[in-house]
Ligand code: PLP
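Quick setup: one chain, the form predicted alone, written in structure tokens, and binding and motion questions come after.
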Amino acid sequence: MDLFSERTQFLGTESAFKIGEDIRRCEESGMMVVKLNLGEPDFSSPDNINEVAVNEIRKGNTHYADPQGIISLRERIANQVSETRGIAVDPERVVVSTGAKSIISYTFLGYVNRGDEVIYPSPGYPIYESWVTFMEAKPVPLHLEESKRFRFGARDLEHLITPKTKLIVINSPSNPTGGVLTEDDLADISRVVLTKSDGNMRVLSDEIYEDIVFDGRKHKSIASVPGMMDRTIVMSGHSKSYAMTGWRLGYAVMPTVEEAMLFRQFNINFISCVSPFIQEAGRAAFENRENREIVASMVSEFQKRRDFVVDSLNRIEGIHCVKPEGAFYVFPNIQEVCKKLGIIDAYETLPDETRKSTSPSSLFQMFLLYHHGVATMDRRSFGSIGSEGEHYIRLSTAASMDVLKEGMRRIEKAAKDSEGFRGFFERGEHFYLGAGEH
């Protein structure tokens, strides 16, 4: 009898965490690694938020709380979503969770059966594809194109929807591309959903980067389109906007109270509840006006970093980078530099089994890390199904300007280092994450 359940073989991962072992290996060898892999603000959560949590702990607010979330936070979330999306939200349709990632899990568990079809963006947040395969549903990647600035519209979506479609995942602003859907995009997408859906299909709108948009843009939600809130799960949280990644505080606004009760039941079964002192701090994050200025200042810094990194990458021969409109990532096209360094030709010489575990962008990623000390993410890390022939890497700009400058210097050097790649390839040790582990 096998120890692990059969379903575990279908569970994916998030390589931004998995690469940590490779970074550790490099550092143990004496290398100073420039870490551009993890999507985490390099800012700390604001002091006014921290103080609320500390004071709540000192007051003894450390016991179980309502599994759905304390009512004062749910009311504040309902107000915030109503104000920013222009829709009426009942606090009874709000569910508070341990980070927004829990909402992804609950959505798949609550709606998707084996054999159902799930449409999700690719490149996209890897946990979407992980849950599709884990549920033994049929993955239907919606491939985002660089020529469209990694946006999509009605035509891109319409032909993917079938009577078996149960869930459509939308992420704007996007990880990893920084693409932002416009109001017109969302209106067109909604027309397709409303036309093709019989009411038993849901849209999961991942809006975790809602506050991190650039060049004067304002976040737009598909839930704001008339008729769509009845079919949409709006997912967001505090991790990115307030630099509260370690607090694990997220939430969902559900189409109906009945659906919110299902997610409440998932909370009971998985986590019991979110710590009440964390929830009180989350409420204060919304209510303290000082935080609006703090978030705006952080976004301004992210925009400066974006501009610097995009300009720097576009000056490197063989690399082309579209300027992202939100989030804190850049997603450069590295096809020409892979050709120039001989990476694509080298990839074709690999045994079949090795090729299945890597790609030209993966080889470039590992060459950057092990030979030049820069940690990035490859294209396969953001949805591997159907990603063949797509040559991109993701760099996080959630790092200081000094770190980014050093990273750009090293990437420029690597882009000219054909001899270095030849030696890296001939050693044959690190063609994918975790290769060489004992």
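Keep in mind that what you see is a predicted model, and the values were worked out from it rather than measured. Sequential numbering from 1, following the sequence displayed.
Keep in mind that the form predicted in complex with pyridoxal-5'-phosphate (PLP) is missing from the display, and what follows is about it.
Only one of the listed residues (Ala223, Ile316, Ala78, Ile208) places a non-hydrogen atom within 4.5 angstroms of pyridoxal-5'-phosphate (PLP) in the predicted complex, and that residue is Ile208. For the candidate set Phe108, Phe367, Tyr125, Phe152, a heavy atom within 4.5 Å of pyridoxal-5'-phosphate (PLP) in the predicted complex is found for exactly one residue, namely Tyr125. Although the partner is absent from this view, Ala100 contacts pyridoxal-5'-phosphate (PLP) in the predicted complex, with a non-hydrogen atom inside 4.5 angstroms. pyridoxal-5'-phosphate (PLP) in the predicted complex is not approached by Glu21, whose heavy atoms all lie more than 4.5 angstroms from it.
Looking at Asn171, you'd find a heavy atom of it within 4.5 angstroms of pyridoxal-5'-phosphate (PLP) in the predicted complex.
pyridoxal-5'-phosphate (PLP) is not shown here, but in the predicted complex it comes within 4.5 Å of a heavy atom of Ser239.
Checking 112 to 120, 347 to 355, 240 to 248, 288 to 296 against pyridoxal-5'-phosphate (PLP) in the predicted complex, the stretch whose residues place heavy atoms within 4.5 Å of it is 240 to 248. For a residue to qualify, one of its non-hydrogen atoms must sit within 4.5 Å of pyridoxal-5'-phosphate (PLP) in the predicted complex; all three of Gly39, Asn175 and Met235 qualify.
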